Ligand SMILES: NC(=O)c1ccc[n+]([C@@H]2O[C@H](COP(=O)([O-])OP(=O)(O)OC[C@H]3O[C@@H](n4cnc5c(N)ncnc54)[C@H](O)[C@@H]3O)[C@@H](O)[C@H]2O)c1
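As a starting point, one isolated chain is supplied in structure tokens, in the form predicted alone.
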């Protein structure tokens, strides 16, 4: 290690290194607080003045993340300092970039990462360390991040150090996963790798794997692509069960008794900021280099088609009931994952938008967030369900698992009323005995009974045409 790296190593070990984390969202905030709790002085920088103000008052928009607010209150004003003033980043020994990289117009939108890199170049001390946690498409770290650092006059591995350490934690259990999960560090030189590993070892208890940047970029995307493909398989099986008239839950129960099979639970769609984009990042870059990964592309198409499929189903049911073809639909839950207050890329948003576009009155209730994707939001479940022709459970919140089905049926509209279980959290027999017409992803047997198969057949034909 040269003189610069030795100095930074001593600062990390003594907890004297001045750290700045750019982006105080789902990853940046918990990372900043874990480092602060490890003894470092940490600046938490965000462009959103509302976020900075809330954090300065000891509040966070992630109140349901276990232990996060307690960690904020413990370190606020002592080791953790939220700010929107970029001048407070000047002279940082370590800068961690944790800003979003959404998909946009068929590619990855790296604009926020580029802005953060530009800020880092002017704020970092010579001999400092820049770490990117934001998800990057393959070759972006070498081709964009390191190139911009070199253009600023720094010599990588000599008077500046840089690594790619992609976030690998899921909302709902962020602190636990950031501490327990293994981490990947992609670095182009030994000094950057060693300093980064030393820093993360201050709070990470899982293994820390060091590799080159490109391998780290691909590995991060492959993890979520693997999950997306497996979800798509479960959704494909659900569609097969619908077409053939059996219950996917019974099929899944049987096949998962095989020691080598672990079929996932199908659902109304796939959401979240990572699972909906990471496979596409891998898909796009691979195509640019001469290979089109058909399985990943097809899996993404299957998962994205699920909300359209069930929007068709609800629409056809309501039109068969209402002479004017327009009815009232209640959507329960808009977060992409149960008991997690995160509605980013939620399938519920696409479902709601499609039903509104078709002229239906859509009402929304969610106990965790107030997002409604353009539909009226109701603070009470009973008010949202009142007079509904169809109810769609789009998020598997605990509250919906134990809701009184009789109560729901009493306040819903006149017969027949459809209850579409988009997350397979209710028993069909209990739903039907309460007076609903039951349908779920992978089980349309009740619809088949009341329509003689006509509604099901029409929906299947319509969906094939759209596909």
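Numbering follows the first chain given and starts at 1. Values in this document were obtained by computation on a predicted structure and should not be read as measured data.
Here the subject shifts to the form predicted together with this ligand, a form of this protein not shown in this document.
### Task
State the residue from 234, 282, 381, 99 whose non-hydrogen atoms include one within 4.5 Å of this ligand in the predicted bound form.
Selected residue: 99.
### Query
Only one of 274, 351, 94, 330 has a non-hydrogen atom within 4.5 angstroms of this ligand in the predicted bound form; which is it?
Only one option qualifies, and that one is 274.
### Message
Contact with this ligand in the predicted bound form for residue 320, defined as at least one heavy atom pair within 4.5 Å: yes or no?
### Response
Close contact is absent here: in the predicted bound form, residue 320 is far from this ligand, nothing within 4.5 Å, heavy atoms only.
### Message
I'd like to know if residue 436 sits close to this ligand in the predicted bound form, meaning any non-hydrogen atom pair within 4.5 angstroms.
### Response
No, residue 436 sits far enough from this ligand in the predicted bound form that none of its heavy atoms falls within 4.5 Å.
### Query
Is there a heavy atom of residue 134 lying 4.5 Å or less from a heavy atom of this ligand in the predicted bound form?
Heavy-atom contact with this ligand at 4.5 Å: present for residue 134.
### Message
Under a 4.5 Å heavy atom criterion, is residue 43 part of the interface with this ligand in the predicted bound form?
### Response
No, residue 43 sits far enough from this ligand in the predicted bound form that none of its heavy atoms falls within 4.5 Å.
### Message
Based on heavy atom distances of 4.5 Å or less, which listed stretch (436 to 444, 47 to 55, 66 to 74, 411 to 419) is in contact with this ligand in the predicted bound form?
### Response
Contact-bearing stretch, as computed: 47 to 55.
### Query
Are 22, 27 and 168 jointly within 4.5 Å of this ligand in the predicted bound form, each by at least one heavy atom?
Yes, the whole candidate spot contacts this ligand.
### Query
Hey, which residues along 324 to 350 are within 4.5 angstroms of this ligand in the predicted bound form, non-hydrogen atoms only?
Counting only heavy atoms within 4.5 Å of this ligand in the predicted bound form, the single contacting residue of 324 to 350 is 344.
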